[in-house]
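First, one chain by itself in structure tokens, the form predicted alone.
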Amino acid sequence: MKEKSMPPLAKALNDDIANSDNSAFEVLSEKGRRIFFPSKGILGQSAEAKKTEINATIGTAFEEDGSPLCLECIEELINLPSQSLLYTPSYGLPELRERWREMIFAKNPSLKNKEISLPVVTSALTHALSVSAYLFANEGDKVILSDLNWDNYELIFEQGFGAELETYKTFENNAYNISGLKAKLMEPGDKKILLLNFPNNPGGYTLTEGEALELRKTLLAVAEAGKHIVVILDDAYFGLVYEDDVFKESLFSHIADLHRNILAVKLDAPTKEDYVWGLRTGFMTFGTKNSTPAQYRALEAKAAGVVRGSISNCSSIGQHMLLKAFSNASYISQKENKYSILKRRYLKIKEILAAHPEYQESFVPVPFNSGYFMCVKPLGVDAEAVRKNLIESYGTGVIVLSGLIRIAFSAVPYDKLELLFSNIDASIRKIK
């Protein structure tokens, strides 16, 4: 079969990415190298005609007065201008991209004076992960991650793109197993894909300040050893940390310009940060040492090309709603209030576990300090048997992942937490 030539637009983007003193081009997948944003097609031609008096380019419909042609019964349901019913660019609303970038800097003070890309809008975190897999994972590539991980990673990277998940033990002596992570990265092969998720799902763990610095040093050492690393940061639960010694910034702030051999890809979303699960809006942001504006624009264009080639563009209503919410005078105080509800539940769980040493005969808590979840390891019984028994005998639902029982305390009222742990203990004792 004749090998397909590289599309000219893709080649131009590849040249911009490669024309920098870093290895960002080296970690692109074959698909990632071939993808481009169709700037010369319908979208590019429409952009050129944007300010024309008569614009017959884009496939949307307008009233005689130039306002969007939409059903009144739909428009009246939203407290937004009718423009929110139009398409957004495949890159995302420009104003929202700029605003989210400003918010990344505000939430991560260590990023000050560092160059990062403009975020590209995705349809929340799952889609951002899929875009990452498209750009960086060839069939057969290894994706390194902790053994406590979200089961959707398998669907995305293995089933969707043919990569292979390779895990390291998450904890060693109740501390994050950074040496195990390093050992995986130092295995044969120059290209490495590392997927990090903090706060972790299902474990509910975020690195301490000391562990974050240690991981930074580790990644630097691996990069200096000649490995080309793309670090995909799943920051879905960013900001939901409940202990003083926990690293409160994204690891992106530590590695966005750490070494020329490291490309950091920050995936985040208002989904959990702002409690808007159904809006399906997320972001992908790039950071690497020795970057150039042209390189970042090219990476953004490739990400937007994947969006264009899969879902065309992301929810306009969701993006407009967020933009409006971020400008609301009560946004910060309301967000702090919701955070306090989750932290109160977290503290209650710590109190319950301390007050019931007898529970240690039934289960052992896995280290946790953040996020929506915590896990317990049942002793002497099968976790799946406990899960089924909790439903049948105690009217209690939990999730089993990696032989552990995952508890989403984000979904449990404060006054039912005591009963929840009592039921788990009782169920394990009953099965024993």
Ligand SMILES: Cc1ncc(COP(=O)(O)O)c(C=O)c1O
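Predicted model, so just to flag it, every value in this text is computed and none were measured. Residue numbers run from 1 along the displayed sequence.
Same protein, other form: the form predicted in complex with the named molecule, not shown, and the subject of what follows.
**Q** What stretch, of 322 to 330, 70 to 78, 291 to 299, 122 to 130, brings heavy atoms to within 4.5 Å of the named molecule in the predicted bound form?
**A** Looking at the partner contacts, the answer comes out as 122 to 130.
**Q** Can you confirm whether R99, K114 and F252, the three residues that make up this candidate site, all sit within 4.5 Å of the named molecule in the predicted bound form, judged by heavy atoms?
**A** So, no: the whole triplet misses the named molecule.
**Q** Quick one: does Y153 come within 4.5 Å of the named molecule in the predicted bound form, counting heavy atoms only?
**A** Flag for Y153 set to yes.
**Q** Check whether V230 has any heavy atom within 4.5 Å of a heavy atom of the named molecule in the predicted bound form, and answer yes or no.
**A** No - in the predicted bound form, heavy atoms of V230 and the named molecule never come within 4.5 Å of each other.
**Q** Considering only heavy atoms, tell me if Y237 and the named molecule come within 4.5 Å of each other in the predicted bound form.
**A** Because a heavy atom of Y237 falls inside 4.5 Å of the named molecule in the predicted bound form, the answer is yes.
**Q** Even though the named molecule is not shown here, does K192 get within 4.5 Å of it in the predicted bound form, heavy atoms only?
**A** No, K192 is distant from the partner.
**Q** Though the named molecule is not shown, can you say which of N201, S362, N108, T206 has a heavy atom within 4.5 Å of it in the predicted bound form?
**A** Only one option qualifies, and that one is N201.
**Q** Using a 4.5 Å heavy atom cut-off, which residue among N261, S84, S90, N197 comes into contact with the named molecule in the predicted bound form?
**A** Contact residue from the list: N197.
**Q** So which residues in 240 to 273, when you check the named molecule in the predicted bound form, have a heavy atom no farther than 4.5 Å from it?
**A** Stretch hits, in order: A269, T271, K272.
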